[in-house]
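Okay, so here's just one chain, in C-alpha cells, the form predicted alone.
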C-alpha cells in the first residue's frame, strides 16, 4: 500500500476515539521492527524521524529507504518528519518524499510561528502531504523546565485557524524524553482545547505518561501520540556486548522494539483499526 498522508488516518482516529501511534525511529532496523509489529497488530502507523537523525545518517539514502519500507507495508502508513525547527528543513522533508511534516516553531514568538507554519502548510498541500504545527512548548530533557509553555484554548483556536494545519501538537503537561511533566497531563486544559480547536490534537512526550493518563488524554481529543524514548530504551536494553555477532544484537533489539511498539498500539486503541 503506497505511503500516504497522515491527515486522513488521524481524522479517522479522532472520530473513532483512538489515537494513531507515531513512533520515532533512529535506524532502519527500528523502522522495520515497528512496521512488522504494526502489521501483526493491524494498526495504522506513522513512522517518524527527526532532521537531527537525518543530518547524522544522510538525508538522501535514509529518506529513500524509509519511504521504500513504508510503501511496501500492507497497511496505512505515513512517513513523518518530526520537529523540523526551520522552514527549510520542513520543505526538505517534502522534497525527500515525506508524506507528512511537522514544523516546530514553538521556540518563536506566536505570530512568527504561525506565519512559518502557514507557509509550510501551503507547501505540504501542494505536495499532497499533511502538516503538524505546535503552539505552546513541550519541553525536553536537558531544557530548563521554565521553558515549558502550556497551551491555552485561545492560542490553539487562533493558531489552527491561522495556519491550516491538519493536526496540532499542544503542551498539556508532558515532556520529551525520560521524564514526564511534574504534574502529569492537565486533562481539564486538554478538554478546553479540544472544545475550541478545529483540528485533531497531538501529544508529544508519550513515553513518560502513565497508562491511565494516556487513555484519558485520548478520550479528550488526542488523536496522534508520539513515542520515541521508550523505543530507544527498549533497543538499548536489548544490546548484549557478549552476543556472538552484530546480527544477533540487531535481532534482539528489533524484537524488543517490536514488543514495545505493540504495547503502544494496545494503549492507543489503534490495534485492529487498519
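Note that the structure is predicted; figures quoted are calculated from it, not measured. Positions refer to the first chain, counted from 1.
There is also a form predicted in complex with a small molecule; it is not shown, and the following applies to it.
Engineer: If the criterion is a non-hydrogen atom within 4.5 angstroms, does every one of 24, 175 and 227 touch the small molecule in the model of the complex?
Structural biologist: Yes, all three are in contact.
Engineer: Look at the stretches 118 to 126, 78 to 86, 93 to 101, 188 to 196 and give the one with heavy atoms within 4.5 Å of the small molecule in the model of the complex.
Structural biologist: Answer to the contact question: 78 to 86.
Engineer: Indicate whether the small molecule has at least one heavy atom within 4.5 Å of a heavy atom of residue 43 in the model of the complex.
Structural biologist: Answer no; every heavy atom of residue 43 is more than 4.5 Å from the small molecule in the model of the complex.
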